[in-house]
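Form predicted alone, single chain, as structure tokens, below.
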Amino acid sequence: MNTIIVGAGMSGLTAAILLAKKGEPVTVLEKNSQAGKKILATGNGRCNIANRKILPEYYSGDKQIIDLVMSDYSLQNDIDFLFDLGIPTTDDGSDRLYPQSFSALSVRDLFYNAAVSEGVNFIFDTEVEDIQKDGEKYLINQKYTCDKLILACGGKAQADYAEGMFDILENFGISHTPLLPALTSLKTKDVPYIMKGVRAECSVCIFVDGKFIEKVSGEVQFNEKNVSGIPIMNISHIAAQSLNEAKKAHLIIDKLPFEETENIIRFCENMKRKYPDTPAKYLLSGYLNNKLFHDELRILGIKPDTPIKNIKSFEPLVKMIKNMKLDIHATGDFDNAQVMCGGIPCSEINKNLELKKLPNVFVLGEMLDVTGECGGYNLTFCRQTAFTMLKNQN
């Protein structure tokens, strides 16, 4: 049985290696001129390839697929698989795992090398535009014939452009959930210009139609017309789905998450007693970048050089710092998103990720309706889908 895999990303390369090791003839069709183009951009070029804490709660989307693919995931087996390809792993002082080289290029090269060494045939600069069922076989682009077809062509993010593949599958009556940007920035008109370019450790709560949905923490970057950073990216799919459903989304950002409101007020009052002539612009400089509270001073009508002895109450200032509201009107587009949310739901596939309506056609990786958080979760999911496909085959 000969196999064609569409896509030479993490899921496609993993599937190619595993099938070739079993002795199956494998051909990979890739629209780019090289394998693993998207791998090269992961982890800012360092390739955050896995995580010590792979748990279902770090994934969103179709819960049935998450359970099907990740329920029996073994970190040690994953590490062993990578090591067998020539990729020893290490951490960066956190739970995030990287290649020992801290080089995404080495990861791409070693995955490709392993596939080629196992006899996998690669055909580059070939975008799949047509799939036809020919009896029990499949005809690709009126040119390539196979017994088994594996679709691992990624999502719409970063010009993966799998949208064409979803259109092809729709011709066979196969549905998908809305395809939206994920792991991206959130656009807002409410960030004061003075805060442009500032990064700070914050806690962020996202609300949809006024209802609290989730709280995340980490370094937030405030830009002129958007906010970004890992915590923002990790909730961007919630905003994307909400806006797609014509719902309203907003954030409440606590710029001093490590201190209670009362403690900060007492700090300010203590400063007032000890250093009454301190200009207001320096009041919280020991806690925050000045740019993170000067706009609140402006809103409250307190001039930067006002002596703090003239401020009657610090409570309004502190509450504004700990409850900054940002209305979200859009997300970053697909070109600026690391992955997409949405895709093929569990209702369309069997336990081995085979399409119910197309025998011997399998869907892997980002084409499925599952999105992981930042931290190696998406690359891990992509690899694990290839293992799930093989494990559950009859």
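Worth saying up front: this structure is predicted, and the values here are computed from it rather than measured. The first residue of the sequence shown is number 1, and the count goes up from there.
Although not depicted, the form predicted together with a small molecule is the subject of the following passage.
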Would you mind picking out the stretch of 302-310, 123-131, 209-217, 268-276 that comes within 4.5 angstroms of the small molecule in the model of the complex, counting non-hydrogen atoms? 123-131
is_contact(I328, the small molecule) in the model of the complex, heavy atom dist at most 4.5 Å: no
E366, heavy atom within 4.5 angstroms of the small molecule in the model of the complex: yes
Contact flag, E30 vs the small molecule in the model of the complex, heavy atom cut 4.5 Å: yes
Examine V6 and determine whether its closest non-hydrogen atom to the small molecule in the model of the complex is within 4.5 angstroms. yes
Within 4.5 Å of the small molecule in the model of the complex - does that hold for a heavy atom of every one of P25, I150 and L353? no
Proximity to the small molecule in the model of the complex, single hit among V361, M70, I344, A337 (heavy atom within 4.5 Å): A337
Interface check vs the small molecule in the model of the complex: of M195, L180, M165, I238, the one with a heavy atom inside 4.5 Å is M165
